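Before any questions on binding or motion, here is one chain by itself as structure tokens, the form predicted alone.
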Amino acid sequence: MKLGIALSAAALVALALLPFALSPYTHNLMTLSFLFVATALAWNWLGGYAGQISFGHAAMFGTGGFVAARILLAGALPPPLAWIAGGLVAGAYALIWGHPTLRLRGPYFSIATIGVGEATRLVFTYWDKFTGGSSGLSLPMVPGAKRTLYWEALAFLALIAVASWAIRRSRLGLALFAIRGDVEAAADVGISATFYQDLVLFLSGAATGIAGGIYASYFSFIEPNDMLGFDRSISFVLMAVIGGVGTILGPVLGAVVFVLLRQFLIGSYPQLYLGLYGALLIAVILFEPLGLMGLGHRLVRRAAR
């Protein structure tokens, strides 16, 4: 454990020093990677630990982004507080739709989250006064802010990674894994599935909403189809599945692979990349359901023999 902490700290220091040697394109890619790693870890709290696969997390990402953007445009709060406010609103919104739907299990919950995500996207698209509609919202560009936002996104990633580790080792994590294994058996030993699932959904939604706020500040422009599109929700699922659902390192690796793959597909096959995402998801589920972490463990066991 001490070695892992030391390696993680060294990696954070190295990443913190990188902006001084990065091109603008690589700088953008790295910042986007930090945000996607953080959202993949936050999604994993619900999808990996509790076993409730959500295809609607873009609803919280977009809600947090638009609330934070509106606060920043009004000049009411500094950026970090605006992001937190957006995250809290996103977490509360997650509870509004999540409390009744979390009683569903398996594919029924997943289908419900698809409906929530698409309904939210349509509402935000036609809510011109708040979101700017299809024209979106433009935030003022502050000179030198992107370098600062790189470090803030990295700090946010570190915080979410520590939270992932803490939740996994806590009573909350044990309860979530018990619920994932058998919700009825968990209830028999006194674990309230309703309370723990509501709590982890709020935490996951709030963290995703904060990531949406940082995303809005970094790119200085957001619009509903980008923030709340179904492809955004699919990306959160893919990152965790590619790396390994229910682990901590898995979503990190999956998010890095996903961001690099996404940039290549958008540049090379802009009309086909969503279909290729789907094909990748099917391939991972069929041939390596435990993702990169499962593949790594299998290779280690084979080498040990």
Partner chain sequence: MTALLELRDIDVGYGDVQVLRGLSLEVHPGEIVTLLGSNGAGKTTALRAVCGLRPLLKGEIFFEGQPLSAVPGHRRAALGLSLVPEGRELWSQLSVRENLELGAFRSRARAAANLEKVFVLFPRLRERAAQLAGSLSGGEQQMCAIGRSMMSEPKLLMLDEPSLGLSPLLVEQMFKIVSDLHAAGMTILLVEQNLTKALQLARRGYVIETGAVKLKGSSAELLANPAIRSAYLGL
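Residue numbers count along the first chain shown, from 1. Keep in mind it's a predicted model, so treat the numbers as computed, not measured.
Only in words, not in the display: the form predicted in complex with the partner chain, which the text now covers.
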| query | finding |
| --- | --- |
| Triplet Arg171, Ala178 and Ala187 all within 4.5 Å of the partner chain in the model of the complex via a heavy atom | yes |
| Position in contact with the partner chain when the complex is considered in the model of the complex, options Phe124, Tyr196, Phe156, Phe109, heavy atoms within 4.5 Å | Tyr196 |
| Contact residue in the model of the complex, chosen from Ile191, Ala92, Leu139, Ala145 - any heavy atom within 4.5 Å of the partner chain | Ile191 |
| Which of 218-226, 178-186, 159-167, 69-77 sits within 4.5 Å of the partner chain in the model of the complex, heavy atom basis | 178-186 |
